[in-house]
Structure formats: C-alpha cells, structure tokens
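Take a look at this one chain, the form predicted on its own, written out in structure tokens.
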C-alpha cells in the first residue's frame, strides 16, 4: 500500500480535546488531593499533551496533572533508578519505549503493576501493546510511530517490496539507510528475507541478516545517523530512496518536497511508548484513570491529530479520516526484536558494525 498525504502533525485542527475525549467517560470525581505527576518527552511533545490531552482528562475526572519533562526513555530510566534508591518519585506515570520497559521490568520494584480492572479501554488495544510480567501489567501502550520506506516519486517508481532495494539496476549508490544496528533495518531484512523476529534467536540468524545487508552496500550512498543527514541527502538528490520517519516525511511532503512515505508489502517498522507506574508512587488509582482515558478511541484520535502519533487502535475504532490516519500510520507493521537487542546486544552490534566497516 502506498501512502501520500498533505496532513501532518503540524496541521493543528481547531478541535476541543476536552469535549471530544470526555464523551463516554465517567463524571468528574471530587478531587481535593487528586494530583498526578505525568512524565513525557519535552518540547513540542510535552506542550501538545499539556494543551490537548491533560485538560480533557482533568475535566473528565477531576484529577489535576503536573507535567514533568523527561528526556529519552533510556536516560529517564537512569533518573528513575536513582530516584528509587533515594525514595523519591519524580513522576508517578512515565513514558517508556518498549526496550526500556523491558529493562525496567527486570529490576524488582522499579515499576508497579497497573490495576487493569480500572483500565477497561485497554481491552480494545492489540494485546501486543499491553506488557505483562510476573507482577502484573507493567506497561500499557500510549502511542506509536513508524520508520518507513521513502522515495522521491519524481525520480523512481514506487517499489512493491523492500527486496527491490537490492536491485542495483535501479538503486546503485542512491539509497539512504539508517546506520544504527537497532534502528529497524535489521528487522526489515529479517521480515523480508527470513523468518522475522525469530531470525534473531540465534547468532547464525543474526549473521545471515548482516550478510544480506552487506549485499546492499553497493546501492547505499548514505548510512545516516542523524535525521537531518537523510533530509538533506534527499533534498540534494544524493539519495532517491531509503528509510526515514513516516511523520517527518509527511511534513516534508506538505512543505512541497517530492517525498513519498510508503508501506510496502512487508510493512514498516513500528515502535511505541508505554505508560508505566513508578514502584514508589501512591497514585495508582489516578494513574489507572489516566491510562484508561488515553486508551479510549477519542483520545487516541486526538493524539494522532494534534501530536502526530499513530493510534494503537484500528482506524475503524476511531473517527480518523483516511487522510488523517494515513498521515500517521499504515499497515502492515514490522515489530522490532526488542528482546534480542537487549539480551544479545554486544554480538548484534559488533556484527553489524563490522559489516559497515568492511570495504
């Protein structure tokens, strides 16, 4: 499926988040001391939550939100580890990427299970986005985002498969591919040529993935590390296709640049963030109410429109139009081998980096 749209996360609609999200929710409770500290990534992302999500939650439940700026989830995990040792709670509820969530779940007491009896809306989510370990449910998906196939449609025809990137007659020295071993391209290769995530279960499978990546090297003009590198290479026509962020490509397209973000037949790499409760928090009830609120179709749609994240629900469960949904999401999805990247990180990284270093 090919996706092209002019709607982006910068296209703020004149929608009342409070009115839309409050529908179908319980009436506000009396809330003298009902305050919840919620951590989210700073800047535009946090500002959008403060403007479009938190006010509706407070109106619907009577719970006041104190917004806490958190860095990327890996650095935030260190902060929360240190806070737990000191007996403090910087945030009751935080956002963790799945790999960081897995790490946090392996430290006893760092996270507290959510009371899922108070989160009925989560039953509508794909079970993949509800992370359960021995203590119970430690993370419920908040939102997701995609790394996709992008092309310059003025220069080439849309490929049907990731496998087409290996065609030197079309793509010799013209691709831009994310450089980091865990940036998703290994998962693309596994899904396209092997048995998907299962391929990462053995060192032999990991070697097979990197050997297939090595075959692509004549077609790669840029192994990019920073988003700006790929953007500039596309604008300069140094590359005409590659891997990039679906929502950012939509922004570029809306600005008039010839770029098309696509979901080929194997799909694109989907990552996501989860709401997780601090093990020392005394706000489990309030946290469960917020997680339930953010899992509703109404709020998932608000986040897609206003923040540019992909919903964790099927489009038909929301009121998102085809154009709105295409701006942030698509199908099918490729799910990263999070467990392998954590458990076999050294071998995977060294094997991948050695492949890149070879002439």
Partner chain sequence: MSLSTAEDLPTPAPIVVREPSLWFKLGLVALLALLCLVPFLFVLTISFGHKIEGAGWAFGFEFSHYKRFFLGATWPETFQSLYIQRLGYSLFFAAIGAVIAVALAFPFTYFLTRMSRRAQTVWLVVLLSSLSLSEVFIVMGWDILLSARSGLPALLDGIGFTDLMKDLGWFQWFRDVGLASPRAFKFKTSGFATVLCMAYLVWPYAVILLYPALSRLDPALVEAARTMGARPGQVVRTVVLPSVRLPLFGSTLLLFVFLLGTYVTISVFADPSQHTLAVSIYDSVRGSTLNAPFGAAQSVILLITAGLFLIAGQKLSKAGGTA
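Positions refer to the first chain, counted from 1. We call the rigid core the largest set of C-alpha positions that still match within 1.5 Å between the two forms. On a predicted model such as this, the values are computed, not experimentally measured, just so you know.
Just so you know, the form predicted in complex with its partner chain exists too; it's not on screen, but the next bit is about it.
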Self-check item: 4.5 Å heavy atom contact, residue 124 to its partner chain in the model of the complex
Solution: no
Exercise. Would you check, heavy atoms only and a 4.5 Å threshold, whether residue 83 touches its partner chain in the model of the complex?
Key: no
Quiz item: According to a 4.5 angstroms non-hydrogen atom cut-off, is residue 265 in contact with its partner chain in the model of the complex?
Solution: no
Self-check item: Partner proximity in the model of the complex: residue 161 to its partner chain, non-hydrogen atom cutoff 4.5 Å
Solution: no
Quiz prompt | One stretch from 224-232, 285-293, 112-120, 126-134 that, in the model of the complex, holds residues within 4.5 Å of its partner chain by heavy atom | solution = 224-232
Quiz item: Ok, 213, 206, 77, 143: which has a heavy atom sitting within 4.5 Å of its partner chain in the model of the complex?
Solution: 77
Exercise. Select from the listed residues 254, 280, 237, 201 the one whose heavy atoms reach within 4.5 Å of its partner chain in the model of the complex.
Key: 237
Quiz prompt | Complete contact of 37, 260 and 324 with its partner chain in the model of the complex (any heavy atom, 4.5 Å) | solution = no
Quiz item: Along 175-206, which positions have a non-hydrogen atom within 4.5 Å of its partner chain in the model of the complex?
Solution: 179, 180, 181, 182
Quiz item: Does residue 102 move its CA by 2 angstroms or more between this form and the one not shown when the core is aligned?
Solution: no
Quiz item: Does the C-alpha of residue 232 move 2 Å or more between this form and the one not shown once the rigid core is lined up?
Solution: yes
